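Take a look at this single chain, the form predicted alone, given in C-alpha cells.
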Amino acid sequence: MYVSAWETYYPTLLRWLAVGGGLIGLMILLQKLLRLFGVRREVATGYALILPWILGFLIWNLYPFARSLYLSFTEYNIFQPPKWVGLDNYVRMFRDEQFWLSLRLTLLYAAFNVPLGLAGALGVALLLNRSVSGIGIWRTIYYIPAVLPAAAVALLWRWMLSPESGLINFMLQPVYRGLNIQPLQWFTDPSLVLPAFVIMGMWGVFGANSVILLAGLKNIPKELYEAAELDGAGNWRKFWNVTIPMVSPTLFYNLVTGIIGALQVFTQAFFITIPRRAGTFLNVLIYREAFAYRNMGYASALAWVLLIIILLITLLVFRSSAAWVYYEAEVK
C-alpha cells in the first residue's frame, strides 16, 4: 500500500506545531502574570522570551544531571526500575582494573596532548600572524581541520597508522630497514597506544585553537613591540616579555578548554579498537558500560568520577592563573 509523504510526516509536523504553540501560549501567559504582579513591561517580556531556554535547560540539562547522580547509587539496566545499592558502584569502580587502566590512559593522554597542542597552536598562530602574500588562503587552509567531522578524522588516522598499509609506516620504512626492526604496531601494541593517540591529537594544533590564539595576537598593541625594540630587545625577548604576557589570557582559555576536551576524548577511541590490557578512555568506558552492558548505574558513577576529576584539575589551573595570566586592565 502506497503511503504519501504527507501521510508519513504530518503527525510529526502536528506535534511540532503543538509544542511550538504551547510554548508561545506559556510565554504569553508568563508575561501577563508578571505584569499582574507589577513587573515592568520590558522585564516581563524579557522573561517571557527566555522561557523556552529555561524550560529546555530544566528538562534536557538539569534533570538528566540530577537523575544521573541518583542513578550512580543504584543498579539500573533500563528494563527494570532502579534498585538502590548505595556506594556499591563506587566500591566496584575502585576494584575494577579496567577503570584504573582507563584512568591512567586518559590522564597520560591529557598530560601529553594539552601542552604539545597548546605550544603547536601558538606556533601556528605566530606564523599566521605574519604579513605575507596570500595569508588569507593559508589561514583558511589551517582552519579546515576544525570543520571536518570527528568520525571521518578518526577513520583517516586509523588508516594512516595501520601497521600493514598505513601511510606513516610506509614513510618510516627506510628507518625500519636501517634499524632492522619490524614496523610499529600502533594500535595492537599496548605500549604504543598512547603515542598513537597523542600523534592523532596533534591534529588539534590546527583549527579553532590557532584561530583563537591568532585573535589574541592581533589584539597586542604594536607600540609595545616598538618600545621593546627601543630598549634593545631581540626577537626572543619580545616574544617572552611582550607576546606571552599579552596573549596569556587566550592561552589560559585554550588550556582550560583543552584539558576538558582531552579528558573527554571519545570519537577517536570509539572508532579505533585497542587491546583491552591497554585500557581505554574514560568516556568510551562509560559508553560501553551504559549502552553495551546496560550498567546504567555503574556508568553514571563513572561519569560523576570523571566530572570530579575535570573539576579538580580545572580548579588547579584557575588557582595557578594568578601567577602567569596577565590582564591589561587588572589592578593588583
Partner chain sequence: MTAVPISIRLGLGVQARRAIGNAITYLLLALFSLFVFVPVAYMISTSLKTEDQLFIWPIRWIPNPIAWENYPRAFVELGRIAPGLTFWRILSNTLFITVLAMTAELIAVSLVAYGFARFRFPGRNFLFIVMLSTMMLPGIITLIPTFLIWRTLGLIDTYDPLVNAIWFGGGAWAVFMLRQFFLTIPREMEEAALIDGANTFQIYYKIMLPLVRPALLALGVLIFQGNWNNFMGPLIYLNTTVKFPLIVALKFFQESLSKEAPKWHYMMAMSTVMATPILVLYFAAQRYFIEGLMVGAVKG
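By rigid core we mean the largest C-alpha set that fits within 1.5 Å across both forms. Positions refer to the first chain, counted from 1. Values in this document were obtained by computation on a predicted structure and should not be read as measured data.
If you look for the form predicted in complex with its partner chain, you will not find it shown, but the lines that follow are about it.
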Counting only non-hydrogen atoms, choose the one of 162-170, 98-106, 238-246, 178-186 that falls within 4.5 Å of its partner chain in the predicted bound form. 162-170
Residue 29: touches its partner chain in the predicted bound form, heavy atom cutoff 4.5 angstroms: no
Can you work out whether residue 321 and its partner chain are in contact in the predicted bound form, taking contact to mean some heavy atom pair no more than 4.5 Å apart? no
Partner contact for residue 310 in the predicted bound form: its partner chain, 4.5 angstroms, heavy atom: yes
Contact flag, residue 195 vs its partner chain in the predicted bound form, heavy atom cut 4.5 Å: no
Students should find that, of 228, 93, 116, 211, the residue having a non-hydrogen atom no more than 4.5 angstroms from its partner chain in the predicted bound form is 211
Which of the residues spanning 58-87 lie within 4.5 Å of its partner chain in the predicted bound form, based on heavy atoms? 59, 60, 61, 63, 64, 65, 67, 68, 71, 76, 78, 79
Superposed on the rigid core, does the Cα of residue 276 end up 2 angstroms or more away between the shown form and the other one? no
Taking the rigid core as the frame, does residue 35 move its C-alpha by 2 Å or more between the shown form and the other one? yes
